[in-house]
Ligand SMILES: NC(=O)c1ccc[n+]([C@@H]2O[C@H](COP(=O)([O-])OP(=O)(O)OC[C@H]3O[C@@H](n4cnc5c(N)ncnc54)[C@H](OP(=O)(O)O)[C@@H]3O)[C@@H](O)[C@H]2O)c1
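In C-alpha cells, one chain follows: the form predicted on its own.
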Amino acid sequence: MSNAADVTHLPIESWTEDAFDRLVATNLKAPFFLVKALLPLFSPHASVILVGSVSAFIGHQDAAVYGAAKAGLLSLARGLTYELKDRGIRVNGLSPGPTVTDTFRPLGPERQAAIYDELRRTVPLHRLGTTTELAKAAVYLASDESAYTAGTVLRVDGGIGELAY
C-alpha cells in the first residue's frame, strides 16, 4: 500500500515550480517507482493499493495541484492494472475523504478543531472518517475477498465525492 503524500494546498499565485515538482514527485512519481522496484517481490495474486484522495474527484480551495496529482495516481492504478494483469497482480485505488489524522496537529488544537468543524459540514454524512474505517477498506482490497476487484477506486469519503455539498 502506497500512502505517503504531500498535502500542500496553495492558491495558484503561491505555487513555485519547485513546490509543484516536490508535490508531484511525492504523490505520483514515488508510488510509481515504488511499485516498479517491488515487482520482483510480488507474488502472483498480489494486491497493490494506491491511496488517492477525494480531491481527485472534486475541486476545492487551493487544491488544484494536490487534486491533479491524486487523480493521476488513481489513473495510474487503472494503467498498472492493465500492465500487471498477466502477472496476476491486482491494483486498486483507495480514495479517502476528510479523515481524523495527525495532519493538522502542528496547527494547534483550536485551529485543528476549526478545520475539522469546517470539513464536517462538507461531508454528506456530517462526520469525518476514521483511520480504522480506512484500514478496513484497505484490508478488504488486500484480501481474497476482493479477488475479482481490479483497476477500481474504493471511495471511503462519507459521500463527498459523489454528492454536492
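All values derive from a computational prediction rather than experimental measurement. One-based numbering along the sequence shown.
A second form of this protein, the form predicted together with the named molecule, is not displayed here; the remarks below concern that form.
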In the model of the complex, the residue from Q112, T99, S47, T122 that sits within 4.5 Å of the named molecule by heavy atoms: T99
Proximity of A4 to the named molecule in the model of the complex, heavy atoms at 4.5 Å: yes
The named molecule contact in the model of the complex: T130, any heavy atom under 4.5 Å: no
4.5 Å heavy atom contact, A69 to the named molecule in the model of the complex: no
Residues within 4.5 Å of the named molecule in the model of the complex, restricted to 108-125 and counted by heavy atom: none
